[in-house]
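Below, in structure tokens: the form predicted on its own, a single chain.
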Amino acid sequence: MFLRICWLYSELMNIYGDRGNVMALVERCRRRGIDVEVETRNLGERIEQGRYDIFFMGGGQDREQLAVAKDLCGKKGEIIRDEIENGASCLAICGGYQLFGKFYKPFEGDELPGIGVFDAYTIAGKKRMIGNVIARSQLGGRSGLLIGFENHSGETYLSENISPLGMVEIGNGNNGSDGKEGAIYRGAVGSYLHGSLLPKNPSISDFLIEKALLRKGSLLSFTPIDESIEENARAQAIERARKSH
């Protein structure tokens, strides 16, 4: 079995160790005997319909988001959205998460349109939300918990039609007020959690890989792997987050 990952805007949207998410996906595929290839698509580069099984987009600053939002307008964004509707999986972190919603409104300048994967919108907030996050989630593995690190001032609000990735126990989450962290729609996951998210939360990696395999009708290629090292690291990260809270 073969999967192809599209790393969107690897040159612009890649802060706080977001590249670790791509590395985690590749490693977990290879440990299962799944051949995997990563291709980057940056400003001005087209996306071929049906070519990619998993999309990834990381975080960036407002200046980078402006350029990316312009590039996503039109056909490029439409193809990504259609691919997710047709079964492709996706992980969008921080600034990527914001642009996968309906729009992002910065403090200054015009509203930046999103591609509308998530029924959500983001506005620039005055408070910097930074620190460890623990959230209870259906994708939290055996413990039911997600662990990560947030660093954002954008405030994201979900509509009633979309589910959060998790509910915050420690930290701010989407906006610091409603207790929600991230969003999940079909095979797409959006989150503010850096750190990177996937090495600390392998169950989300597996969700993305499973969705991609299911799209290709090859879920039988998905086999369990030894997660003792990952689970030990997760437990220690969660313990440290609780102690520092």
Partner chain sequence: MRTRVALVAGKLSGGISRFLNIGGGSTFPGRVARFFDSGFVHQIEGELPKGSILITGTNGKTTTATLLADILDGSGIKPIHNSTGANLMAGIASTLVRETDLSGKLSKEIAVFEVDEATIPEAVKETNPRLILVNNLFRDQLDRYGELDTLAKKMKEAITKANSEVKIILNADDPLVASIGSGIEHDVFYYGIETPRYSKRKMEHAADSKFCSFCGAKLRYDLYQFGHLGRYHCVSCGWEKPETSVSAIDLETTGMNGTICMIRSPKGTIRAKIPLPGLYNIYNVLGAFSCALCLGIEPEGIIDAIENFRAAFGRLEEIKIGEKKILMILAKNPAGFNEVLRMLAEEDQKMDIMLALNDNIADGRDVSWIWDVDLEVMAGKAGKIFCSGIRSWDMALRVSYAGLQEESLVCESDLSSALDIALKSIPHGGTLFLISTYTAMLDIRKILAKKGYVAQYWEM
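As the structure is a computational prediction, the values presented were derived from the model and not from experiment. Residue numbers count along the first chain shown, from 1.
The same protein also exists as the form predicted together with the partner chain; that form is not shown, yet it is the one meant from here on.
Engineer: State yes only if every one of G33, S163 and R215 has a non-hydrogen atom within 4.5 Å of the partner chain in the model of the complex; otherwise state no.
Structural biologist: Spot residues vs the partner chain: no contact at all.
Engineer: So which of 170 to 178, 95 to 103, 79 to 87, 124 to 132 is the stretch with heavy atoms within 4.5 Å of the partner chain in the model of the complex?
Structural biologist: Answer to the contact question: 124 to 132.
Engineer: Could you tell me if K211 has a non-hydrogen atom within 4.5 Å of the partner chain in the model of the complex?
Structural biologist: The answer is no: K211 has no heavy atom within 4.5 Å of the partner chain.
Engineer: Is R63 close enough to touch the partner chain in the model of the complex, meaning at least one heavy atom pair within 4.5 Å?
Structural biologist: Yes, R63 sits close enough to the partner chain in the model of the complex that at least one of its heavy atoms falls within 4.5 Å.
Engineer: Looking in the model of the complex, any heavy atom of R242 within 4.5 Å of the partner chain?
Structural biologist: R242 lies outside the contact set for the partner chain.
Engineer: Answer with yes or no whether Y16 is in contact with the partner chain in the model of the complex, where contact means some heavy atom within 4.5 Å.
Structural biologist: Answer yes; at least one heavy atom of Y16 falls within 4.5 Å of the partner chain in the model of the complex.
Engineer: Just to make sure I understand: among 1 to 24, which residues lie within 4.5 Å of the partner chain in the model of the complex, judging by heavy atoms?
Structural biologist: Counting only heavy atoms within 4.5 Å of the partner chain in the model of the complex, the contacting residues of 1 to 24 are W7, E11, L12, N14, I15, Y16, G17, R19, G20, M23, A24.
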